[in-house]
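Shown below, as structure tokens, is a lone chain in the form predicted on its own; questions about how it binds or moves come after it.
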């Protein structure tokens, strides 16, 4: 039986939680935490659990199956964690456990529907910090950042620098959508962030998760942008829906759930020595003097040895804009404690 197929507590037929999760993810408006919440809600709907203990076990098993099926489970973990805490803490006076499950399904679906409005709330909140003629630096692609920039463009004049965000190049998607909306936009090499920093009024990034320390997990490169912004005395703002608040406390990049032994490792030979990398045909010999040099590209193997996300310390973040308000990193920590305390 595959790890993501649950049968022990689901009625009638086996339930593939990852397939359900993936079907919700097809909706462009639904992010991974919400898709996870909706998948777990569906699990409750089909569950044959007769006690809260059995139901919580099924939910935890489902969350683990989702985690095992994703190379980057950070944001979906936040959604799973939030929903399971909600299930265990929900006060109720249901006449039967079946009625309680129906209420949990209804509440889960209601929350997901409400959560789709969070980006609008964040955009309206952040709008007050965006002055006319602002020059903004953003990184990669974020739906809540796009919502905020498009909202600002309706009322103010803004210009945007966006990093290319290698290796996926999602900054180019941001560039295309902003340009199509009539917003002046320029793509910046990831390696040129310090070059452009003196030209911007503030940095605005999205998030994979905001963690218990008040720090940020986001597309790789966010951390170095924050370091450069602090050195240049430029505000660094993060936008995060509250369902991305995650009870995780990384102290370094190595503490991230996505960190694997092969990340930024050196290839070793069988004898344990540093091996000579195999020839891939991608890197060409040095050209003869006077000839045109060719652009070199990283191989898929080289890209796979690099991280996809990184951790930004809370002392590098100016404010976090969320649907629950504009918070300092310390405020995020306090909110997280209250959120999971019942």
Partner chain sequence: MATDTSSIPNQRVVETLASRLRRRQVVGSHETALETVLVLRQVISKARFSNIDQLVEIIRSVGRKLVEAQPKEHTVGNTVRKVLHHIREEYHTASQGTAVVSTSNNTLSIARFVLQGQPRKQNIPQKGTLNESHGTLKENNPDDPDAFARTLKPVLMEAIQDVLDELETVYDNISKNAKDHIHSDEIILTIGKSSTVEAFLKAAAAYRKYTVIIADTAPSYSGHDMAQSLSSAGISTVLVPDSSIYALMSRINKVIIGAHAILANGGMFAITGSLLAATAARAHSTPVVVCAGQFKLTPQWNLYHEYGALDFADPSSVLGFEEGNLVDKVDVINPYYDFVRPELIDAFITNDGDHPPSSVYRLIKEAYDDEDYEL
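Numbering follows the first chain given and starts at 1. Small disclaimer: the values here were computed from a predicted structure and weren't measured.
We do not show the form predicted in complex with its partner chain, though everything after this point is about it.
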- Query: Which residue among 103, 177, 255, 212 has a heavy atom within 4.5 angstroms of its partner chain in the predicted complex?
  - Reply: 103
- Query: Among 191, 186, 72, 107, which has any heavy atom within 4.5 Å of its partner chain in the predicted complex?
  - Reply: 107
- Message: So in the predicted complex, is its partner chain close enough to residue 232 to count as touching (4.5 Å, heavy atoms)?
- Response: no
- Item | 4.5 Å heavy atom contact, residue 182 to its partner chain in the predicted complex | no
- Message: Given that its partner chain is not shown alongside this chain, does residue 132 nevertheless sit within 4.5 Å of it in the predicted complex, heavy atom to heavy atom?
- Response: no
- Message: Given that its partner chain is not shown alongside this chain, does residue 114 nevertheless sit within 4.5 Å of it in the predicted complex, heavy atom to heavy atom?
- Response: yes
- Query: Would its partner chain in the predicted complex be within 4.5 angstroms of a non-hydrogen atom of every residue among 21, 28 and 308?
  - Reply: no
- Task: Quick one: find which of 169-177, 217-225, 138-146, 75-83 has residues within 4.5 Å of its partner chain in the predicted complex by heavy atom distance.
- Result: 75-83
- Query: Can you name the residues of 230-245 that have a heavy atom within 4.5 Å of its partner chain in the predicted complex?
  - Reply: 237, 242
